[in-house]
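Okay, so here's just one chain, in structure tokens, the form predicted alone.
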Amino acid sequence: MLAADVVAAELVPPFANTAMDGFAVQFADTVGAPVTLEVIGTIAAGSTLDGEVGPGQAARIMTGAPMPPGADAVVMVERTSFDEAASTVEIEIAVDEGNHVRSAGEDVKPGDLLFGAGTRLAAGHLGVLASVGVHTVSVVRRPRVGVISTGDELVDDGRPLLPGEIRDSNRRTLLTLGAEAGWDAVDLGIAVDEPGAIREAFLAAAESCDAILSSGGVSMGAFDYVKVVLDEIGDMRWMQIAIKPAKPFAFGLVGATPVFGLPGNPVSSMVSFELLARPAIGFMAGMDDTGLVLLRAISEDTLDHPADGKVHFLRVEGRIDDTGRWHVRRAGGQGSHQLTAMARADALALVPDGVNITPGDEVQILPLR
């Protein structure tokens, strides 16, 4: 992520050049084509013509080669007949001034703002920077984000499950979401429901990470030791947010390290990540906006829920029609434990409390990355 604006100091292209293999000519000579012109030389990419193209003359030219002095157009080779022995070329068509010519500075001029602070650099950005000779830029370091699961019931060693055990999916999904966001996601393993183990895990994470994502132990259960321990070692806020899924949520600091306490249910964990953790850690990473972009879609399903005082984020599959408009339908079961629908979902549909969306109605969606 760029930490400062990058301004161009060079022209791109640095000189006028040809976009095609062909012949550089004076466009006025092609009026009344077919016409025959004298060929005075050949210009390969990386070379120049010794001399200039005058009236009645042409220079053979290869893609990317600089336009020779005197020439103001290029005729593509497919519309010519070259007589090498006679050093002449027959031009079959008339062309306009500037035909197949890429002007100096057509893409970038000195003083142009190439990319602003907060831009996440991808392949295309790096290509542009290389094209103007920028090899070093100021960036925000990728945040190191620790991911930890909590709970005695969690298993992650591949063995057969014992009664009451479940396999830990949250850590894998959160690690992947963090990596996809461009962060350095660090696997901190599973902390069992024992205060000493939880304390040790979170203190060690706070020392080595820029932020911590934990799942589980943020509700009101009798064995939610995460809450007890984090209240002892950190400055935490425990919340019940009027959304479903992802109602229970915690945020605070252990030392100077932000801690995001996500719910233990798999879908709730992913939804709270998308709505709350991703934007906040993205801001730490230098993003200049939250990344939460709401779009309008047409529902192809009934999207409703009982009135409960919450905004529901339903998991929906989407398609984009020929006009660019989104259409969505339920991706499957909507329980906070039903991860399959979340895996199939392309977006979250926002259904306010007491609102029933019927087929053909418009609905707000949050596309998932």
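Computed from a predicted model, the values in this text were never measured in an experiment. For every residue, the number given is its place in the sequence shown, counted from 1.
One more form of this protein exists, namely the form predicted together with a small molecule; it is left out here, but the text below deals with it.
Checking 201-209, 237-245, 265-273, 75-83 against the small molecule in the predicted bound form, the stretch whose residues place heavy atoms within 4.5 Å of it is 265-273. Though the partner is left out of this view, Ser299 does not reach within 4.5 Å of the small molecule in the predicted bound form, counting heavy atoms only.
The small molecule is not shown here, and in the predicted bound form it never comes within 4.5 Å of any heavy atom of Arg141. Residue contact with the small molecule in the predicted bound form: Ser169 places a heavy atom within 4.5 Å of it. With a 4.5 Å cutoff on heavy atoms, Val145 does not count as touching the small molecule in the predicted bound form; it lies far away. Taking a 4.5 Å heavy atom cutoff to the small molecule in the predicted bound form, the contact residue among Gly216, Gly178, Gly282, Pro258 is Gly216. This chain is drawn without the small molecule; in the predicted bound form, the residue among Val254, Leu154, Val95, Ala185 with a heavy atom within 4.5 Å of it is Leu154.
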